[in-house]
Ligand SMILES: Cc1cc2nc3c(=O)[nH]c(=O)nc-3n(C[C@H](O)[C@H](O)[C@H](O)COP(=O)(O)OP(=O)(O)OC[C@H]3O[C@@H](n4cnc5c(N)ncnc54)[C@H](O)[C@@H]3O)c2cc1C
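The chain that follows stands alone, in the form predicted alone, written as structure tokens.
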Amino acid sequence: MQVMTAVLPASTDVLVVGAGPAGSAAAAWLARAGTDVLLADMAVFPRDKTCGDGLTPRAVGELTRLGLADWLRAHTVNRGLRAHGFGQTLELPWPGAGFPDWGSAVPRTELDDHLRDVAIKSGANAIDGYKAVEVRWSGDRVAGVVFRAPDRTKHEVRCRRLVVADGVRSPLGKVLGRSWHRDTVYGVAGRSYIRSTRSDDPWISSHLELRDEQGSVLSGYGWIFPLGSAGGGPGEVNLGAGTLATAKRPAEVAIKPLMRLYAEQCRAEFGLEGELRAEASALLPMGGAVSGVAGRNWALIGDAAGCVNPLNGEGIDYGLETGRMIAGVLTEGAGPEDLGVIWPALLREHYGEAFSIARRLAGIATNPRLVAALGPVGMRSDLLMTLALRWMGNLVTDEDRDRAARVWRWAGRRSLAHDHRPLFS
């Protein structure tokens, strides 16, 4: 087993930049396959990350692959989604099918620190507090990455292959040529924490109808994810709000004030106590709306590659999945010269249909008038909302043969045929 190193090594086979779920999963799987891997991050762990903290069955499935099911069950476990809106409240159990029938929620400060520890225990070297600032090229291949140390000195690490998992803004991805296309739907979201008497609620709650102080419907949504109780008293929930936007229809909502208004609207029903803390917000490129995700011997994964679900803002599951997928590519005989072709094609194969149709549906949600018109129709039908939960969570596998899965895949294929720009390109 390797340990966290105090200094950067001079070289490594695979360098993974970014130790969130995507990077740590990639490092863990690579190390378990016997690869020499270094996992580097600019932050000092444990560190916070703006996130809803929710773990859908898709994420639970990936964490179970890593051997973390028991660790997850020691945290809060939820049965599904409680949807609120337009005079209705529906409890929608997770559908199961090809995924676990339960979800969870773990603060990212704890989740990411634990996943990084899993990577280290799997055999990866790791270092934190070093920021990747430059790339050294050898022709069209990455030969090394230059890091800035806490004391501002620079150090280069040579590598045969590079995996970039440095989040939605992906500063190293930009150096490599990554571009985010804002003409495609993206998210603007904020999260906070607050004490709640319902911190052990077995359902995560999502409010699909948000209204401003004047009572007008907004093109946004709110969530309350229970995080479990602590010490016998009220625990906390992750409370957040988000909206969807495009370059043509930018977000006109101030997220943090909206989040505070939403908290006051929910205070009595959810037993919220005190004030919001750790308020933070972020922009979310979604649905593969990025180009430049791979080159001869390098690849972007997770949020850096735009692998965020346009319908629910979930990115942890895709981070974990793409971490495992890139590890498989790098350990199953694909040469470095193949990544620029193989990786975008593999992302489109796995996520193209779901992300394409999800982007179109999310585009509808950027129009408050359509939300106000269609919301009541959907909320009056348990069947429609059950289908929506499965589709919004992308809880459909290639092996599923039921009608809902067939409709989702058919819609995805039709949507792909009308995309003016292929995903991940």
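The numbering used is simple: start at 1 and walk along the sequence shown. Nothing here was measured: the structure is a model prediction, and the numbers come from that model.
Keep in mind that the form predicted together with this ligand is missing from the display, and what follows is about it.
Using a 4.5 Å cutoff between non-hydrogen atoms, residue 120 does not count as a contact of this ligand in the model of the complex. At a distance threshold of 4.5 angstroms between non-hydrogen atoms, residue 130 is in contact with this ligand in the model of the complex. By the criterion of a heavy atom within 4.5 Å, residue 321 is excluded from the residues contacting this ligand in the model of the complex. Although the partner is absent from this view, residue 190 contacts this ligand in the model of the complex, with a non-hydrogen atom inside 4.5 angstroms. Contact annotation: this ligand lies within 4.5 Å of heavy atoms from the stretch 307-315 in the model of the complex, the single such stretch among 245-253, 307-315, 194-202, 83-91. Checked against this ligand in the model of the complex, the residues 222, 103, 344, 167 give one hit for a heavy atom within 4.5 Å, which is 167. Screening 60, 396, 365, 51 for any heavy atom within 4.5 Å of this ligand in the model of the complex leaves a single hit, 51. Taking this ligand as positioned in the model of the complex, none of the residues of 407-425 brings a heavy atom within 4.5 Å of it.
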